[in-house]
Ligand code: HMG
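Before any questions on how it binds or moves, here is one chain, the form predicted alone, in structure tokens.
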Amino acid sequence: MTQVGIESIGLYVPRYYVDLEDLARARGEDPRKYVAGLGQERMGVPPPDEDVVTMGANAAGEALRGVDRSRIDTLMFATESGVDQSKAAAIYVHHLLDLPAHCKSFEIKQACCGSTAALQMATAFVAQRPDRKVLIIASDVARYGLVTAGEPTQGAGAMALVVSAQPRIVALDPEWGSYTEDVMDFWRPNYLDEALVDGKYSIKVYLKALTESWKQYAAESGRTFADQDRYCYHLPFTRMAEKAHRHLAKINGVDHPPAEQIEASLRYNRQIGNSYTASLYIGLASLLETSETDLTGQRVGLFSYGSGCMAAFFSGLVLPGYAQGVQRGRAEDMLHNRQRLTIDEYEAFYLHELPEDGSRYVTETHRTGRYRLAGLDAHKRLYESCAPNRQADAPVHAVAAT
């Protein structure tokens, strides 16, 4: 049987953040409510010239380092922050990354679980065509509104995975457990920019979906709770993973699961916040890149939850030499070199709106990665490729994707 898994990964987060203690004080809250209660320390904030396309392209550029792009057969872009009702965000990225014309490119949506649906499809495709590779991008901006209960759980980020029959990081197990139920715990109608959420209900559905998808996974694989050395969970906020892990342990008869089973997977999320489709895989990157122990040969259990809802539980084995395939050091540098926003600056970014009348508009240049949203013209989004490590006021070279 063909071994299929993750050959490379790439992470990208905005170059700006809000400190959650600053936000708590501005909202008249005890900082411990956010930092201790939610487990969040910082929240990634994209500037007006950054969106899911630019973040996804930056993450994918990292994942494609050393990868033969001519063998990328398919690009799947998972997001719930889409920029167009018809044209896939994947098409813009295809252009920005100069991927081959034969590379199929499309968008996938099912809340935060869309990236995992993409991964499941990618593994099946590669198993049939071991000579091909699939690029998966998960990129999102979590928005709940200013001065709302969900505001401190916002965030933004992107992950990219190259799936192939030559995995260097994680070999995926073939068994999957899934769960689907029509619920209204979280949704965003087309006419709203912010999501609507029933927080307490969503937590209940999350845990139910975890229970049911685990049952199917355990039945298909024959594995027990102890057969997974580490665990990664979807992270709407960091404390949710801790609650989920205790729940999964309890239904398996384990009263006190070791904290080290999940601790390393939570480090990045504390600094980034919720990134929807990218969340689970940012947790996986955090585990692989920050764990103090060698993970070679360890099995990682992964739980993906998408409100509405669809969930999946699956697993994979960490491969020898995985440390050479991850971004150890690069991701931490990116997190440490971000710019701290005042609350006024954060709110200005948040309230910025693009024109909807088709007029030409040029976005102000801020700190971004290699790509930025240059503006709009006749309702067309225009993207630019930028020199690496440029300053906010440095000139850029336009490469418009329309």
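Since the model is a prediction, treat every value here as computed from it, not as a measurement. Start at 1 and count along the sequence shown; that's the residue number.
One more form of this protein exists, namely the form predicted together with the ligand; it is left out here, but the text below deals with it.
In summary, among the residues S315, N274, S265, S115, the only one with a non-hydrogen atom within 4.5 Å of the ligand in the predicted complex is N274.
Among the residues S202, S291, T74, Q327, the one placing a heavy atom within 4.5 Å of the ligand in the predicted complex is S202. Although the partner is absent here, F237 lies within 4.5 Å of the ligand in the predicted complex, judged by heavy atoms. By the criterion of a heavy atom within 4.5 Å, Y144 is counted among the residues contacting the ligand in the predicted complex. Interface membership of G283, defined by any non-hydrogen atom within 4.5 Å of the ligand in the predicted complex, is ruled out. Using a 4.5 Å cutoff between non-hydrogen atoms, D30 counts as a contact of the ligand in the predicted complex.
Just one listed stretch, out of 175 to 183, 202 to 210, 256 to 264, 100 to 108, contacts the ligand in the predicted complex at the 4.5 Å heavy atom level, and that stretch is 202 to 210. Judged against the ligand in the predicted complex with a 4.5 angstroms heavy atom cut-off, the residues A63, P167 and G301 are out of contact without exception. Taking the ligand as positioned in the predicted complex, the residues of 31 to 57 that bring a heavy atom within 4.5 Å of it are, in sequence order, R32, K33, A36, G37, L38.
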